[in-house]
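Here you get one chain, nothing else, as structure tokens; it is the form predicted alone.
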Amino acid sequence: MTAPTHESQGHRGIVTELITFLESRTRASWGEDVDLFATGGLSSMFAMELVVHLERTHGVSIRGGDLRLDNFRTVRTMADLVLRLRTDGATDG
């Protein structure tokens, strides 16, 4: 069974989905502007899991320069990345 996609979700929906995902995986509460790495919330291994989650759940492809730590530092920056990649993908196709 594949995970449901959230392609029609806006920024708020992506933020909510990501917080739910993070909280279920880490058993901790997260705000959308909390630096996940500075607080010790994420390891580099979990960051790779996050990349896979974002790609599968939100139908984007994260490659090259988009794999910068700053794109994954907070829930808000990850939601921004998803929306940008969707826009870039829509204009490429």
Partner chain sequence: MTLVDVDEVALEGARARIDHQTRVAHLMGAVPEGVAPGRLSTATTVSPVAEATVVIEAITERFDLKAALLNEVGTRTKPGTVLVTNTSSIPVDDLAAYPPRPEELVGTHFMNPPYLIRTVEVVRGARTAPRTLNALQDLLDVLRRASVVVADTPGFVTSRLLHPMINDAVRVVQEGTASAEDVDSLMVGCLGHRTGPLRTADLIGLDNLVDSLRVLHERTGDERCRPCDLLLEKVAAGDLGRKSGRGFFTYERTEQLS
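Being a predicted model, the structure only gives us computed values, none of them experimental. If you superpose the two forms and keep the largest set of C-alpha atoms that fall within 1.5 Å, you have the rigid core. Numbering follows the first chain given and starts at 1.
Absent from the display: the form predicted in complex with its partner chain. The rest refers to it.
Chemist: Would you check whether its partner chain, in the predicted complex, lies within 4.5 angstroms of a non-hydrogen atom from each of H11, E17 and I19?
Modeler: None of them does, since no heavy atom lies within 4.5 Å of the partner.
Chemist: With the cut-off set at 4.5 Å between non-hydrogen atoms, does E49 touch its partner chain in the predicted complex?
Modeler: Yes, contact at 4.5 Å.
Chemist: Test of understanding: in the predicted complex, would I62 fall inside 4.5 Å of its partner chain by heavy atoms?
Modeler: Within the cut-off, so yes.
Chemist: Using a 4.5 angstroms cut-off on non-hydrogen atoms, would S29 count as touching its partner chain in the predicted complex?
Modeler: The answer is no: S29 has no heavy atom within 4.5 Å of its partner chain.
Chemist: If you check in the predicted complex, is E55 within 4.5 Å of its partner chain, heavy atoms only?
Modeler: Although its partner chain is absent here, E55 would touch it in the predicted complex, with heavy atoms inside 4.5 Å.
Chemist: What residues, if any, in 17 to 32 have a non-hydrogen atom within 4.5 angstroms of its partner chain in the predicted complex?
Modeler: Heavy-atom contacts to its partner chain in the predicted complex: only R25.
Chemist: Look at G65 and decide if its Cα position differs by 2 Å or more between this form and the one not shown after superposing on the rigid core.
Modeler: Superposed on the core, G65 moves its C-alpha less than 2 Å between this form and the one not shown.
Chemist: Taking the rigid core as reference, does the Cα of T39 move 2 Å or more between this form and the one not shown?
Modeler: Yes, its C-alpha moves 2 Å or more.
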